[in-house]
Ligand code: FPP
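Quick heads-up: it's one chain on its own, the form predicted alone, in structure tokens.
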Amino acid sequence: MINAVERKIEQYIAELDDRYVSLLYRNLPHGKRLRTKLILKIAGSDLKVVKTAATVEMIHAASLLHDDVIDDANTRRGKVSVNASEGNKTAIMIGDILYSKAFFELTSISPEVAKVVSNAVVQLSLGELADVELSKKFHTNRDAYLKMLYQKTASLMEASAEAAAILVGKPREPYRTYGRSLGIAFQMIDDILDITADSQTLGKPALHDFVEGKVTLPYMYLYEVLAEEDRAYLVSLHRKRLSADEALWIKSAMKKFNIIEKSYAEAKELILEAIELMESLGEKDLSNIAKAMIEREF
């Protein structure tokens, strides 16, 4: 039924009656459609469910367009980003168009679903702003980091699961919790892969997050265990274009202190909680989605 969601998005884009927007949207990388999978597994595939998934995916695409502008990203999933090929103004406006069309279509689905999803977009925007602020200097504010992960990534995953539950009359809270845990773990693993995966797999340079100023969980754990001199060196590398030796020093230090394993264990704990919750409700498919994330690769 993912194809039905893709067709619905294509219909929404066609209704805009703008060839340039249609062309740019067709060239966007679509990713794994994880939010769509959650919605369909929870709520089935009637028209309101398909519409909900389509609007969520449009919102997600819009957020990535804006994110690439903020990060000065040249690629997105291995393809040239819209801001790199068409300019920041075009990327921002395409994002705004997708947001606006999604909100318009949400009004025809359900007031409660529209409320849940639109609130997630508020959280997502707050998370994007927090990410910008946190990236200005090296920090070890774990609470701020986790709040930002929730807002920027997990809030829309949480809303997807909750909205799907609303559509079919399932209890909202367990699905909301599942989506939140999955979203936070997803981003934690994403942060880990930025360190462990190669550039070709990532579709962007390795260690890109740290160069861009993002201090993720592995860097916080590393800072905690380093001697004072090495702490100062790590901080000096923040927001710096890394040489091969500097990148190797970071990766070697991570390996020496088992930082990746420690960070991964924290993400895995959230995933296992999500698995247990869904299995208690007999939601085997949702449990399997969470299990697949444990070994996630790009």
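Computed from a prediction, not measured in an experiment: that's the story for all the values here. One-based numbering along the sequence shown.
Omitted from view is the form predicted in complex with farnesyl diphosphate, to which the following refers.
### Task
Given farnesyl diphosphate in the predicted complex, answer whether the residues H66, L124 and Q187 all have a heavy atom inside 4.5 Å of it.
Yes, the whole trio is in contact, each within 4.5 Å by some heavy atom.
### Task
Identify, from the list Y99, Y175, Y221, F210, the residue with a heavy atom within 4.5 Å of farnesyl diphosphate in the predicted complex.
Spelling it out, the residue with a heavy atom inside the cut-off is Y99.
#### Entry: in the predicted complex, the residue from A62, A267, L38, I259 that sits within 4.5 Å of farnesyl diphosphate by heavy atoms
Exactly one listed residue reaches within 4.5 Å, namely A62.
### Query
Do E86 and farnesyl diphosphate come within 4.5 Å of each other in the predicted complex, heavy atoms counted?
Heavy-atom contact with farnesyl diphosphate at 4.5 Å: absent for E86.
### Query
Just to confirm, H139 within 4.5 Å of farnesyl diphosphate in the predicted complex by heavy atoms?
Because no heavy atom of H139 falls inside 4.5 Å of farnesyl diphosphate in the predicted complex, the answer is no.
### Query
Taking heavy atoms only, is D131 within 4.5 angstroms of farnesyl diphosphate in the predicted complex?
Yes, D131 is a contact residue.
### Task
Classify E105 as contacting or not contacting farnesyl diphosphate in the predicted complex by the rule of any non-hydrogen atom within 4.5 angstroms, answering yes or no.
Outside the cut-off, so no.
### Query
Pick from 70-78, 161-169, 223-231, 106-114: which stretch has a heavy atom within 4.5 Å of farnesyl diphosphate in the predicted complex?
Only one stretch passes the 4.5 Å heavy-atom test: 70-78.
### Query
Which of the residues spanning 212-228 lie within 4.5 Å of farnesyl diphosphate in the predicted complex, based on heavy atoms?
If the 4.5 Å heavy-atom criterion is applied to farnesyl diphosphate in the predicted complex, 212-228 yields only K214.
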